[in-house]
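Here's a solo chain for you in structure tokens, the form predicted alone.
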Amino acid sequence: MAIASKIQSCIESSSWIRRMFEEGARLREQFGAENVYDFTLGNPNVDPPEKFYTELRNIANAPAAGIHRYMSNAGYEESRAAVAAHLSEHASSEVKAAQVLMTCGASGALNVALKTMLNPGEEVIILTPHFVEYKFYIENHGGVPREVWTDRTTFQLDVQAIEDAISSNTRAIIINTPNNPTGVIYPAEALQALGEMVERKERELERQIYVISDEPYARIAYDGHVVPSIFRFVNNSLIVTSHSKDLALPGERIGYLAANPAMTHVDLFMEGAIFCNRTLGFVNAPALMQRIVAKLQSESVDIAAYREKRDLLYENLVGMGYSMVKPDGAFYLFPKSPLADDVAFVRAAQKHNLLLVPGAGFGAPGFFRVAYCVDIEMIRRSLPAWKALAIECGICGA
């Protein structure tokens, strides 16, 4: 065996998203890019806000001495303070710079958090449908993922199901709001119920249970919806996030981890997280991006453009007979598969040059994901293909 057997197994079972994205390259070569409708990857097709370029030019035109040198493993104080000030606007108490760690994106933040808190064999509850990489991240650090379904009709939190899954071996619960792949936002009432339940279980089990809120889409919310701060409802909570989506900077790998000031032993946790940021090999978040995003904590890409794409695709697909929950945020639809076998449905869609991701890739067979962070003209061009697919699957008349 040339590589570790565990990694070989992970490769064989890993991301449908990337697999379908690569299939798109083959179809584009065969049929031409304008005739292939790729809805696989959550890769924003918009550019960062203009202020990003302004700050980038300011640094490039007047670089400070030492700007590219090492800094504290936790990041620049000015960047941590800017994040803390932004979080404090929505939290129940003041977040301090010492409770923020700048990271290599949300994935870096989540790996740091899990490395800091997990003992071998401890369980982490993940809510289905879920981002596929969660399982790998948990297993990276000796943890055991435990899947718990959200409400199968609304995709909202099923607090009772989460409580039923908690045991003396539970260390953390990961929530993702707005959710990838469903676009659902968990409202304040649901988070309050979750917090009350977790606090009760902590007393019962005499055990600290963390709630990790993964929030890279937190600023992409529609129709007056807001993403409540988990800090208001759960003391032992963390926020992990990135600026990949809200500032359209996925390739820059910049994000952060923030600990609730009310967390038990918060200073010790942050000390551990900073240590893990270093020893996992991240060392520190990218210096240039740290300085720029410190000035952009109130900025966002144009949410109206994403809402227009959501409405165009949602209204047309529902009109063709596809069934789905209307998303509150992010940039995904997660319809029911017209065929019982969602993988077979995705294969059928390929015949119409539609590239989709089966729900099985998110732990949710019977659904499929559509990423609409694409050019709106591509969405318009794709509509006849969607219609033909609906007719073929028997959910729409000719």
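Counting begins at 1, following the sequence as shown. Just so we're clear, the structure is a prediction, and the values are computed from it rather than from any experiment.
Below: the form predicted in complex with a small molecule, not depicted.
Peer 1: If we take heavy atoms and a 4.5 Å cut-off, which stretch out of 196 to 204, 288 to 296, 172 to 180, 305 to 313 is in contact with the small molecule in the predicted bound form?
Peer 2: Result for this chain: 172 to 180.
Peer 1: Applying a 4.5 Å heavy atom distance criterion, does Pro216 contact the small molecule in the predicted bound form?
Peer 2: Within the cut-off, so yes.
Peer 1: Taking the small molecule as it sits in the predicted bound form, is Gly75 in contact with it (heavy atom to heavy atom, 4.5 Å or less)?
Peer 2: Outside the cut-off, so no.
Peer 1: Going by a heavy atom distance of 4.5 Å, is Arg253 a contact of the small molecule in the predicted bound form?
Peer 2: Close contact exists here: in the predicted bound form, Arg253 approaches the small molecule to within 4.5 Å, heavy atoms only.
Peer 1: Examine Phe269 and determine whether its closest non-hydrogen atom to the small molecule in the predicted bound form is within 4.5 angstroms.
Peer 2: The answer is no: Phe269 has no heavy atom within 4.5 Å of the small molecule.
Peer 1: Have a look at Ser107, Asn235, Thr150, Asn284 for me and say which one sits with a heavy atom within 4.5 Å of the small molecule in the predicted bound form.
Peer 2: Selected residue: Ser107.
Peer 1: Would you mind picking the one in Gln99, Ser242, Thr116, Ser229 that has a heavy atom within 4.5 Å of the small molecule in the predicted bound form?
Peer 2: None of the others qualify; the residue that does is Ser242.
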